[in-house]
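First, one chain by itself: the form predicted on its own, in structure tokens.
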């Protein structure tokens, strides 16, 4: 049995900030939680504490591509030219490289304040497109990276069968992603086995998109989720919307809501190009919008209408997606700044009940991300001790208090403001650095050298 006692001068709890909070953590879960309590001998003491944030959408392997697609090509660059570069990168990764790159990405997530990741996992097979002996070999490597770094994992194996709307045959560059329905069912079963030893692991399903999976196929695979999360890319690009209209006469989100049982388990990733009616539909179904502001800016996707969505009671979480830059605070900051630029206003996403933009963003991303990843985000007795402490002496937090700390962290601090991170009571980040940073970083650099030399 493991036992840890932590004391925080101030800790953000579900009912708001509390001072003098003492936690006793046994085997990763909060056994006792006392407010207005003095620290006791042997307690580890910290000043500012927060719940760990969920990262609801990641393609971990793309961390290895960061900065490699920022040179202009011979034609107008877009998401679609970026995708071709991604396919070329995928061609040269083996299992060891997948694991090493994922470990580096997960490490950086923890260092920035994320404590759980939703891994939208779509590279399944070897470079020829043939399944590994263990069909979930690469899922197992992802689980190994999560185990080494300590991050909590919601594994979302991707169903991917087509190259475009209407069931077009897959393209050669997609060969490592492809499974028919029967093989996908075996992949899900093997994926559950791959994560079975990870504390708190969750498995859901992820039809990649309406381009890669038909509505009929999605309906068929839904029972494989076994009540768990269902994630799908949708309406990320204008071309995607136009192509869907041309094929079906409906827009992507419109089609999803009309033909599939979208509910609270679903996460609509990006949903960038939505109408007011579609936005209302997402809210009515209780689904989560999975927003990835850094990646959406990097790829030139556009801006999700977050202000009007939140005013209707919409739920959202944030994800690091392509992992071009991993920073929980930056995702929230860029989400707000995108709305300010689009609407030409300030403090766009503050709620009437919560004038602090930082607090409004944090609360919404915490609740929406947890819902999307199939877990609870509550710091309470019986729940996992997933915690983040901020550096009270950081200049971004100087002479601030409670919600002002969140404003300072998100808008003038960032990942360098994070001090310690605990997942299930285990301290994984200390002084802003992961406990295995050197070893994982060395393997990452070796893996990237191998991949890029082969490219």
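Keep in mind that what you see is a predicted model, and the values were worked out from it rather than measured. Numbering follows the first chain given and starts at 1.
Missing here is the form predicted together with a small molecule; even so, the following discussion is about that form.
- Task: Identify which of 265, 251, 208, 333 has a heavy atom within 4.5 Å of the small molecule in the model of the complex; exactly one of them does.
- Result: Contact check passes for 208.
- 340, 83, 259, 92: which sits within 4.5 Å of the small molecule in the model of the complex by any heavy atom? Contact residue from the list: 83.
- Tell me whether 122, 233 and 236, taken together, all sit within 4.5 Å of the small molecule in the model of the complex, counting heavy atoms only. Judged in the model of the complex, 122, 233 and 236 all sit within 4.5 Å of the small molecule.
- Is residue 329 close enough to the small molecule in the model of the complex to count, meaning some heavy atom within 4.5 Å? Residue 329: no contact with the small molecule in the model of the complex.
- Query: Any chance residue 79 has a heavy atom within 4.5 Å of the small molecule in the model of the complex?
  - Reply: Residue 79: yes, in contact with the small molecule in the model of the complex.
- Item | Partner contact for residue 295 in the model of the complex: the small molecule, 4.5 angstroms, heavy atom | Yes - in the model of the complex, heavy atoms of residue 295 and the small molecule come within 4.5 Å of each other.
- Do residue 270 and the small molecule share at least one heavy atom pair within 4.5 Å in the model of the complex? Result yes; residue 270 sits at the interface with the small molecule in the model of the complex.
- Task: Determine which one of 32-40, 396-404, 54-62, 413-421 lies within 4.5 Å of the small molecule in the model of the complex, judging by heavy atom distances; exactly one does.
- Result: Contact criterion met by 54-62 only.
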